[in-house]
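There is one chain below, alone, in structure tokens, taken in the form predicted alone.
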């Protein structure tokens, strides 16, 4: 909110003494000192470029055994519904050496599971090295003495044979893939400005299931995107029933000011969006139940 609505916030919250944007966290000490001196501070870079590395002290709010590791910040995609590129800037990756150093620090603190996060984890390193380097990063992290490494936000087009091979060959990388698919119908995906079409999702998911038969697949979908027809929604329902994901989250479309989809024609009433969300979640519930039942009696160790 500070990055997106900076002027409005200053007007609406006269009691606020400082406003700090998403790319200016590293200036917080200076901001506090200026605020304590009586200045009303606005520190918001129009194009965020900062990303914390292993040298920045951090306060973890997770349980002692788990830690998130941000491998990149920002996004170069322009999905119609998403405000993230505006709020967090272009993608900027940390070096492999920086990430491995932080991973070792966390392992020394007793962390048992590292969760790799960024807006597009499968695009890691593209800006820094000229090509995606997720496979190389996973192999480097495989040398860190931590039992589990989990990836979030793995875009399907980035799950290349090299990345799949790295997952197969690196003992501490979990075959757990969070795939933010958002929809299945090609026309809806085009309207969303997603960087692939529906049939690519089918192909990649089948490839993943063959290469990683023990993989846990999690995904999210948006229902009620402007213009989504009943047939297109049914396509999504069929897609979910066909692929039987382990975990599914469903969200109704939210018109975010500043995005291309904000004022698209043919918006759907909230009641229809809510009903579609509930129908899709009801389809997924028995699928997740069956998958959970298969885990009874199994033991998973760090």
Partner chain sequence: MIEQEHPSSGQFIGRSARFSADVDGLVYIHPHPDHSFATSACLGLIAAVQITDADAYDLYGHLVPPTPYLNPRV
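Numbering follows the first chain given and starts at 1. None of the values given here were measured: they were computed from a predicted structure.
The discussion below concerns the form predicted together with the partner chain, not included here.
Q: Using heavy atoms and a 4.5 Å limit, would one call residue 230 a contact residue for the partner chain in the predicted bound form?
A: No, residue 230 stays farther than 4.5 Å from the partner chain in the predicted bound form.
Q: Within 4.5 Å, heavy atoms only: does residue 246 come near the partner chain in the predicted bound form?
A: Contact with the partner chain, yes.
Q: How about residue 113 - does it come within 4.5 Å of the partner chain in the predicted bound form, if we only consider non-hydrogen atoms?
A: Yes, residue 113 lies within 4.5 Å of the partner chain in the predicted bound form.
Q: Can you check whether residue 167 is within 4.5 Å of the partner chain in the predicted bound form, heavy atom basis?
A: Result yes; residue 167 sits at the interface with the partner chain in the predicted bound form.
Q: Just one stretch in 141-149, 125-133, 96-104, 179-187 has heavy atoms within 4.5 Å of the partner chain in the predicted bound form, so which one is it?
A: Contact-bearing stretch, as computed: 141-149.
Q: Go through 254, 49, 234, 66 and name the one with a heavy atom inside 4.5 Å of the partner chain in the predicted bound form.
A: That would be 66.
Q: Please pick, from 174, 205, 87, 159, the one residue with any non-hydrogen atom lying within 4.5 angstroms of the partner chain in the predicted bound form.
A: Contact check passes for 174.
Q: Within 4.5 Å of the partner chain in the predicted bound form - does that hold for a heavy atom of every one of 218, 296 and 299?
A: Every listed residue reaches the partner chain in the predicted bound form, so yes.
Q: Could you list which residues of 272-296 come within 4.5 Å of the partner chain in the predicted bound form, counting heavy atoms only?
A: 285, 288, 289, 291, 292, 293, 295, 296, in sequence order.
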